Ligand code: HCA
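Form predicted on its own, single chain, as structure tokens, below.
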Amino acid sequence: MPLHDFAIIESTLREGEQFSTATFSTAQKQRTASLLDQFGVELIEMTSPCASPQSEADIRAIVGMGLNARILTHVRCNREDVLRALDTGVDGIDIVIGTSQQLMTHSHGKDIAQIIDLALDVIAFVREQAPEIMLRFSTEDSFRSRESDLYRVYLAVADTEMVNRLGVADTVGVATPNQVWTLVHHLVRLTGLDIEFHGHNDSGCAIANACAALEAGATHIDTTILGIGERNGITSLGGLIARLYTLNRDYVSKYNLPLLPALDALIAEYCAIEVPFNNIITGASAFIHKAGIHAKAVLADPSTYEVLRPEDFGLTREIAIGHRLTGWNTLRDRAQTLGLAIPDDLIKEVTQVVKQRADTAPLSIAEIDALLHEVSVLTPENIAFSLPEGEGLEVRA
């Protein structure tokens, strides 16, 4: 189905604070929120004001920035949390309560009937206090909950006609895309409400599950920058963007894509981590081509081996040259970049020398350039030259 109408709930300043090395200062939160707003996310979710005095102060600071993105906060299902949240001036409240047997036993201690009673009471209380505020109700650990329990809760909440969204949470990352699609599809059909998906990445399915939720009719996806969050985190902002981009670039055209590298670098700095080498879009190797057959095709038409265009994200591709897998087309392209006119047969000879030397250690780009410059001055009458390390290269006229 078309995916043009989804919205991102960016939760780096809520879920992301639960990442092992994340401790954001107020200034860091403001900088992050500002960049996310420039990127174009529709909603920014903040840590509950009940978490700490600073958490409450941070919400007020972000609300006071006057961003285009609407500000949400995530709270437990009780009146006290709701009152604290409303007092901060947020645009929306995200209520959550666990429905799996594990959480009913070891978290809040309530059964499904009690959960429903509490949810209806708190939802009505929110509407008494703030009739126009955005309100989401979500189950926690949805995919380890009994299906019959889930539908009892969701349908009771939907029948109040007081909530804007229902949330589905794969809290421990156990769901498969098919399970996500099925639950979201049924909730859309049964309730007609907007559906939000929150998916953890414990088993590596967060991005695929988010996409399945959208295909089933979900309207909102929770993300964090670099996918940070509790344990292995949740759906990454860049990962969701990349997945949708590959389906149809129009799905993500509303976002300022060249800001993704800055966002990833910012959070990596704040969390004292490196951007993973294989991170989607912004990893160091994301747009490096190495094998000769790949490089040749990419030089002719990048789309042969690139489904993402690096220039759309403010990045550039790189063709690795100084290694044993290099091809002569890459060396010819480098020579042309340097403005050197070197015959193809001579380029092929150079390529063999590079391969031989690279069997011992890769060559730097400076070494490649020096070699090409040296070769470029050869003439048919000057049929041999010495490489820096003494290898001879025969040049045929």
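These numbers come from a predicted model, not from an experiment. For every residue, the number given is its place in the sequence shown, counted from 1.
The form predicted together with 3-hydroxy-3-carboxy-adipic acid (HCA) exists for this protein as well; it is not shown, and the discussion that follows is about that form.
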property	result
Stretch from 193 to 201, 266 to 274, 156 to 164, 125 to 133 whose residues place a heavy atom within 4.5 Å of 3-hydroxy-3-carboxy-adipic acid (HCA) in the predicted bound form	193 to 201
Contact test, all of 10, 70 and 219, partner 3-hydroxy-3-carboxy-adipic acid (HCA) in the predicted bound form, heavy atom 4.5 Å	no
4.5 angstroms heavy atom contact with 3-hydroxy-3-carboxy-adipic acid (HCA) in the predicted bound form for residue 224	no
In the predicted bound form, residue 118 touching 3-hydroxy-3-carboxy-adipic acid (HCA) (heavy atom, 4.5 Å)	no
Residue 297: touches 3-hydroxy-3-carboxy-adipic acid (HCA) in the predicted bound form, heavy atom cutoff 4.5 angstroms	no
In the predicted bound form, residue 15 touching 3-hydroxy-3-carboxy-adipic acid (HCA) (heavy atom, 4.5 Å)	yes
Position in contact with 3-hydroxy-3-carboxy-adipic acid (HCA) when the complex is considered in the predicted bound form, options 99, 171, 236, 282, heavy atoms within 4.5 Å	171
Residues from 316 to 350 in contact with 3-hydroxy-3-carboxy-adipic acid (HCA) (non-hydrogen atom within 4.5 Å) in the predicted bound form	none
